[in-house]
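In structure tokens, the next block holds one chain alone, the form predicted alone.
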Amino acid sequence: MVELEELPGVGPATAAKLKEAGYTSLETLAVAAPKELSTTVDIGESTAQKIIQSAREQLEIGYSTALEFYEIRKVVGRITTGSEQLDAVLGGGIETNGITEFYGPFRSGKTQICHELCIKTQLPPEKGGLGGGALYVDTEGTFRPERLVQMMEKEDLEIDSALQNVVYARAYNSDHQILLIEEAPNIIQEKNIKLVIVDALTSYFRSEYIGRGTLAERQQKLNKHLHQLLRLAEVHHLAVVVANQVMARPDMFFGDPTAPVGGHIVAHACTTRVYLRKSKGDRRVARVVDSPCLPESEAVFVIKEDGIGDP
């Protein structure tokens, strides 16, 4: 594999700047935008374009046949949710190389699923995991390691080691949230991260940008943030899961008025969208509402003391 220093136009000093900015591999360079790379590393935009093009040529990024892409899709990883019914409607679990969004009202199970996935991703592939760690960005202060310990009881995991494999960060505003994701590539490689969670995605964007006058700016920042997450998923071959808040649509007089926050920007960026709602007792209903290859369908799962399961 070609090192960064071996790319045309990249010397030791530029390579050091690239690595410091999070561009630690050819893959991260190949999917970078010239203007963004130019600004971040303080090089000319034409030089940035040449570096990106060189990285793409080394990786042979370009057109491929549907058959070739089909073979690549066969090895996409999946993380079990702990519920066979929920896994079934998700095509086998949470897939890598994309963003899965869970949205619903409070107590619908979004954060519980996020906690469960932090444990499941550490399991070997034969047990429904990816054999790696999780990175958890918490915007609402709802992350609890004690809950992870409860969920570990049904798995053959050593508590201290499993908790070490979950890297946690508390975001305090939307800019901090964006910064944490920008700094994620180095942690992903260092800690063998296979799952990135943002819980909740739109919380700060919703509270900081109020009124129609700020809507355009909010959506632009949110769009960039989502594409950073999607880039992480594709470059590092990991799964990204975002929990999202909902709002009630006052213009709907019939049917369920619940709609996810973020509008079309979130809808277009997320690969799979799942709507959660509370049912009787500990039961929850999950409905796949959007996916490139999954039909719209529902599953019932339960939230117990030891985690997510089937009724």
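Remember, predicted model here, so these are calculated numbers, not experimental data. Don't overthink the numbering: it's just position in the shown sequence, from 1.
FYI, the form predicted in complex with adenosine-5'-diphosphate (ADP) isn't displayed, but the following is about it.
- Residues placing heavy atoms within 4.5 Å of adenosine-5'-diphosphate (ADP) in the predicted bound form fall in a single listed stretch, namely 145-153, out of 145-153, 121-129, 92-100, 214-222.
- Glu305 belongs to the set of residues with a heavy atom inside 4.5 Å of adenosine-5'-diphosphate (ADP) in the predicted bound form.
- Within this chain, Gln112 lines the site of adenosine-5'-diphosphate (ADP) in the predicted bound form, having a heavy atom no more than 4.5 Å away.
- In the predicted bound form, at least one heavy atom of Ser108 sits within 4.5 Å of adenosine-5'-diphosphate (ADP).
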